[in-house]
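Okay, so here's just one chain, in structure tokens, the form predicted on its own.
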């Protein structure tokens, strides 16, 4: 099991925000910018009709799924939209540069990047692409090859997930986490003393299901920190949303092969049209992977009468939005362009969205922030709400500003524990607030 190190959760959001501002400054391609155009209203299909995990793979095709478009409502966050549609925060953020992760504008139309190019790897067992932070589980039914795909959280920069071939050696439900000495020591330095083992339950970072791999110490498992899916936030393991790991666990027998690759640039065909999908390379792989994919594209161009649109290829690579884009020159198939997104109705309830209990006069609270700007206060409350296990938080207005209050907590011990987690995970110095009504 791999736990999030100090500040990494908060720092990941800062890195994502900085990248979004950078990518927004680039001159985007029209076929990508068009996804952000705002029609007057968005009537569409119910979200249950939009495929997000299970796809058939037609012979000769490498591209699965369809892009979708949804209109945000007040109170939405990108992590909540991402989880509902089985996307990682990396995918939904990269596909929608410039959109505030925690306090997006109500009425904004965002792309759901539910189209994927399969990794360049044998289509058997489990294949995990670290660069896209996505897992692919291949199987064959009576009619055609099938693939199930799920977003994952992977190893942090200083504790990367290793690539290579391995297999599932055993499976466990409701696993006990035996805390490795190295992780215990890291937490001790942060003032967080971990027990030797953590039993099943909400405090267990392995979640409810675990697949143990042949690479000793590495697992594919659930999580009690769902907002970390799609981030480099673990000590090397691969974690899935609780609802996704349950399905993967059920579909994956012991001895299933597992291949871990790192492919930020993907090319593939669907119905005779060549597509390219680009992601931000993980540390140390950018130039070599780009050279490899460019060499492959030049080789494909030599063998085909169709010419590639190199200006478009470079734009796709630079923007790195994780969206499959056709890269043939006009007049040779690219009139098809990227398929227009399927419009999706906003669901009545977003699956897994944290709920904040009502205020109680006889409960303990923690003052997490005293801010002048409402957006900053709402952002802080949203980040706290998405800690795992959840720390409920809300914004209360006051004269000339806004306060972020975490709670309610049943007693002083729970409040102190929440304040401790706020300090360790987010570097927030919380102040305990006693009950107003102690009766």
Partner chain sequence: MKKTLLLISMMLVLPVTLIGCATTSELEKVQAEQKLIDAKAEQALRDAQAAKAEADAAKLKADDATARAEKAEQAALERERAADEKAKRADATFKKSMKK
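Quantities reported herein were computed from a predicted structural model and do not represent experimental measurements. Numbering follows the first chain given and starts at 1.
What follows is about the form predicted together with the partner chain, which we do not show.
**Asked** Going by heavy atoms within 4.5 Å, which of 175-183, 244-252, 342-350, 261-269 lines up against the partner chain in the predicted complex?
**Response** Selected range: 175-183.
**Request:** Decide whether residue 426 counts as a contact residue for the partner chain in the predicted complex under a heavy atom distance cut-off of 4.5 Å.
**Result:** Yes.
**Item:** 4.5 Å heavy atom contact, residue 136 and the partner chain in the predicted complex
**Value:** Answer no; every heavy atom of residue 136 is more than 4.5 Å from the partner chain in the predicted complex.
**Message:** Using a 4.5 angstroms cut-off on non-hydrogen atoms, would residue 156 count as touching the partner chain in the predicted complex?
**Reply:** Residue 156: yes, in contact with the partner chain in the predicted complex.
**Prompt:** Though only this chain appears here, would residue 124 touch the partner chain in the predicted complex if you measure heavy atom gaps against 4.5 Å?
**Reply:** It does not: once the partner chain is placed as it appears in the predicted complex, residue 124 has no heavy atom within 4.5 Å of it.
**Asked** Just one of 206, 240, 368, 92 has a heavy atom within 4.5 Å of the partner chain in the predicted complex. Which one?
**Response** Contact check passes for 206.
**Request:** Could you work out which of 132, 96, 228, 149 is the residue within 4.5 angstroms of the partner chain in the predicted complex, going by heavy atoms?
**Result:** Checked against the cut-off, the match is 228.
**Heavy atom contacts to the partner chain in the predicted complex at 4.5 Å, residues of 359-376 in sequence order** = Contacts from 359-376: just 376.
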